[in-house]
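Just the one chain here, the form predicted alone, laid out as structure tokens.
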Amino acid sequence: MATLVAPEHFTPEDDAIVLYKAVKGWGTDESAIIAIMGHRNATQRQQIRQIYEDMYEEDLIKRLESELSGNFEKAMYRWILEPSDCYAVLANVALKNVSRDYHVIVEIASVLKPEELVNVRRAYQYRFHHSLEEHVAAHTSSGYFRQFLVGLVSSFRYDGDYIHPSLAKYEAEILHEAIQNKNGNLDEVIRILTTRSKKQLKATFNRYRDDHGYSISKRLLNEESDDFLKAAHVAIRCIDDHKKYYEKVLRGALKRIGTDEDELTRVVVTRAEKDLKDIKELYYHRNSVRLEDAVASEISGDYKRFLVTLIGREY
């Protein structure tokens, strides 16, 4: 469930006027911006952006970029963008340091629905004048790692409910031999993880657990794991249970020495309209502290007020 609570009835013209008053003249009324944008869904935000441009002949995003700063500006920028455009920007930022942020590419390709991923590829090409697949290939080293990432971002999986049990058993063994024993066909691993439907893959992961007594992700990583195996680990976690994956991302972002604002912002902004409420509950059960309280204790200022609003509590 989403944490964002948007009004059923609103007037984009009225919101545009409030936003214009918040940014015109000396000083910026950040509270007014948060009060509006922190309570509008994606469709409403796009309506406000269009009406604002019609009324004042300027792009709302560019105006806010000039008025806001730091992590608050970055979070607001990503929030106002149309969702597929936001993911395109996140992917492009990650590709600038893919050796560290490959997990963002894997996450986007593995969590989104097939049609959503197509829209992200379309938005990426429109914004950056290159295909996402082209940039992924250009920014990653050769070999299985590149083959896997390109396969993920170019995938269009079957999205139905059909599951083939015997295929799940067969492919669970392929994954076991190739990943756990390091002596199988990694091309087959890539084929399975980049083409099978998510429900088929979950059946395969469950069969793996039943046959071998532990999850495929539990023993996937060790000191010998290369970039491909690390990326495969992220993909498997995202496909198997993306809510648990996101809870772990948030936990890592908040508990490290120095909060990882990029990770925190990405999860909150992209999941607030989808399933952040469920992720919040997982976070509380895992850490015995509410997510909004953990966030509020680690960050400050307008950035804190905005993220806590998206998480579902006024601040």
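Here the structure is a predicted model, which means the values were calculated and not measured. Residue positions are given as counts along the sequence shown, with the first one as 1.
Beyond the structure shown, there is the form predicted in complex with a further copy of the same chain, which is absent from this document and is the topic of what follows.
K.L.:
Using a 4.5 Å heavy atom cut-off, indicate which stretch of 128 to 136, 202 to 210, 99 to 107, 79 to 87 touches a further copy of the same chain in the predicted bound form.
P.N.:
Selected stretch: 128 to 136.
K.L.:
Since only the chain is shown here, I'm wondering whether residue 226 would be in contact with a further copy of the same chain in the predicted bound form (any heavy atom pair within 4.5 Å).
P.N.:
The answer is no: residue 226 has no heavy atom within 4.5 Å of a further copy of the same chain.
K.L.:
Considering non-hydrogen atoms and a 4.5 Å limit, does a further copy of the same chain approach residue 93 in the predicted bound form?
P.N.:
No, residue 93 is distant from the partner.
K.L.:
Mark residue 170 yes when one of its heavy atoms lies within 4.5 Å of a heavy atom of a further copy of the same chain in the predicted bound form, and no otherwise.
P.N.:
No, residue 170 stays farther than 4.5 Å from a further copy of the same chain in the predicted bound form.
K.L.:
Under a 4.5 Å heavy atom criterion, is residue 221 part of the interface with a further copy of the same chain in the predicted bound form?
P.N.:
No, no contact at 4.5 Å.
K.L.:
Though a further copy of the same chain is not shown, can you say which of 176, 196, 242, 74 has a heavy atom within 4.5 Å of it in the predicted bound form?
P.N.:
Comparing distances to a further copy of the same chain in the predicted bound form, the residue within 4.5 Å is 196.
K.L.:
Can you name the residues of 244 to 277 that have a heavy atom within 4.5 Å of a further copy of the same chain in the predicted bound form?
P.N.:
Read in sequence order, no residue approaches a further copy of the same chain (within 4.5 Å, in the predicted bound form).
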